[in-house]
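In what follows, one protein chain appears twice in different forms, each by itself as structure tokens: structure 1 and structure 2.
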Structure 1
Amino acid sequence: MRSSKIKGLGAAAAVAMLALAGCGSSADSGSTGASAAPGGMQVPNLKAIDKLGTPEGEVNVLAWPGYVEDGSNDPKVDWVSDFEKSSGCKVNVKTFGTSDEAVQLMRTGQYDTISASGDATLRLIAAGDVEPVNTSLITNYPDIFDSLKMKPWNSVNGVAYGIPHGRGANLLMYRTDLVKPAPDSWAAVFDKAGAQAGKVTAYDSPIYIADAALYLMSAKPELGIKDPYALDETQLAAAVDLLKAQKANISEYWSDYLKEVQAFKSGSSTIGTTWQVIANVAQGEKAPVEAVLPKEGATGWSDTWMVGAKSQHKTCAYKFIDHIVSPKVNAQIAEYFGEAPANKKACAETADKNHCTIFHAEDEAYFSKVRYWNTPISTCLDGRTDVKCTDYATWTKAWTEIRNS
């Protein structure tokens, strides 16, 4: 949920940064939305547009900070002005700080397109706030990494509901001078957290429960967790117990990148979850830290541009999305924001020629270990039908309980 995605990192880095279970193998859209997703969850029967029309003159965009820059924050950072001139579509942008806020705003029907994370996409699809997208109308869609297309967070029953934008992993960061030996497992912040008592940090969001669940997949296989976002009551209870035990060793729960960087620089935090861009900034400020993808893998994010079902400016919305995922612009955003671009041709357009290497943009073996954020729902995302899984509201209640324990 990236509850505080506003991260202004300046020119060198970025603004640092969750869907239905049913991902089909066919990437065609423009068809009727599925009436029932795998597992029996009902979704509205909506259709994508068949063709583009005359640009309507404007597009109302709902976005994470750092995704739609028009030069007002930094004159050197502007990928909106040229689009407005060439398309005839004036871009009106509203940013949001949490996925919960984004969902509420999108439900007003005032926005034509949204950059949604995986914990928001499911809710938007199920509520009928967004509609399927006709990928044939996005000229840059063929250049999007295939590994990001038609996934559980951006499609339903073989129907695309969005265009991939960028991705990243939630990593384990540690002070190299204070944490020895170098950790290679999430056990360092869970079962072995006592070794850094009072200096462990964790992401402040209910979705962090999935990090505990991912660890338990291998640490306690008898629990039978197959998907960290599909937890029945027993599995959720195990994750909650693990996080309550962890809390005794927590220095602070973070959502602001600046605070995490400062905590690692001062040594008040020595180990915990992070993003690659935060590790880069900390290293740039001479903090002796490293960030690794643990052997259990990690959670992560893959954001999606979606089209509002009530949009009055759908031609402008499609043109805008196509512009945003074009190689040059996708590269600019990836560098400014601090993530791997979704367009494979973007890697040739980055100012820092090492950017895609640093963020593993073309490393599918790396991202095969990443469990992208998904929305926990009562219909088990792992396909189980003999039990009821816990939903996001239950996770939110559990997270409050953990934080107050």
Structure 2
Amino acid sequence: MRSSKIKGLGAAAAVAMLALAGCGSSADSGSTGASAAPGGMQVPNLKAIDKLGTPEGEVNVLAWPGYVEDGSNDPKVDWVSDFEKSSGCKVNVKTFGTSDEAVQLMRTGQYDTISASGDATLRLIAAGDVEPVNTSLITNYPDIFDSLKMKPWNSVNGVAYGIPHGRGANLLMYRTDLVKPAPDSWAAVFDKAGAQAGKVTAYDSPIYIADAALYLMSAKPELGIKDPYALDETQLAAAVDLLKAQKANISEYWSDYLKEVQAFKSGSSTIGTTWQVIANVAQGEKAPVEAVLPKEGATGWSDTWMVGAKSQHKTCAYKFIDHIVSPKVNAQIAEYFGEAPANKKACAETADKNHCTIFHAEDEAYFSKVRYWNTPISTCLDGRTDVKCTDYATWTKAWTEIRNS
């Protein structure tokens, strides 16, 4: 019964869910006429598994760099080997640099599970690349922060499509010896980027447009941007202009995190957007860098472990996800990657007991300032109904235009 409902109401209700971000309880009220679905989102009729079988021997994992460490990067950083021994599932990891790459790789059907950010999850759900998850099969699910469960980016129509992993903010990294005074605003890579001409770096994905939009929220309040993922034509044009102006000062765009580490180490990049884990690795290699959360706030991510619809190793995938969100492992990842864990009990397991405070794990007020990556659709995510917003396809075109200009 539930599945037929999904089929019928899919498009409209999914969009309603998005528009009403956070008001998940009212999902049913938005189900009037499937034709009103501008994003064209149809949710395929897939079912979660009822119970676990015997482990299939291996699991192919698609993950952000730093999420699944098996000791090959640093022998001390390894939360996979023990799992392989105890579960009998050999873990094969493939990392990706952008959500676009992740979606592309997941589409091959070769991967059993993926750590997807909010700008990938709905694309994967709509394309039928991932299936709903049976949360009762994840023993650690009850310990996950309620504020992360059943969100618009990890559920559709009240059906869970993934297990929350953790969340954090994209930061501003700079060379402490070459950038003075220390920056506290994204202006350092936009309006004041000239101070580091030819040394600025930026993230190579259409989603980076949101970073420009976020900066414009405070730099140009007259544009009226309320949500960096809900941009009408004028607002998008302003963001594109900002990024085109930024390009004159760009050294290179990054999506390979090791290349960014090298660029900061050598000084060919001195300032730009980053993840905490990149700053950690660069500092580990003795590069004089620091990463800060600028005063404007930041874009960020809330990641979700999802299960591939074509997976041949679902039991291993569930076991793997359960392992990843278990308190100890979730704590290790959170500390290594530099993010807030999803598991409440992880806060007691971190080596630095202040980790959850520093990364605001339970601080909803803080995360209200972090704009999680989301997929822009033509229905404005900020609730505006008088204009049409630009969708991800438009963003993609805009980004290609910026990169090629």
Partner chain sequence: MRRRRGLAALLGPPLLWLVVAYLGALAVIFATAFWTTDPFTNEVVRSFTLENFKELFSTTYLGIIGRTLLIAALVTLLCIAIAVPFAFFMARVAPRRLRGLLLAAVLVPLWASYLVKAYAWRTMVQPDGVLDSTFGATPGYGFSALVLTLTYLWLPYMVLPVYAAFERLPETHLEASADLGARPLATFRRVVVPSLLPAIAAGSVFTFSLSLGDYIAVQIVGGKLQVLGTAVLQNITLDLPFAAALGTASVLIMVLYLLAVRRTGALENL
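Residue indices: 1-based, along structure 1. Bear in mind that the values here come from a model prediction, so they are computed numbers and not experimental data.
The form predicted together with the partner chain appears here as structure 2. When one rigid part turns against another between structure 1 and structure 2, the hinge among T270, Q235, L381, S302 maps to S302.
The rotation of the smaller rigid part against the larger one between structure 1 and structure 2 comes to 23 degrees.
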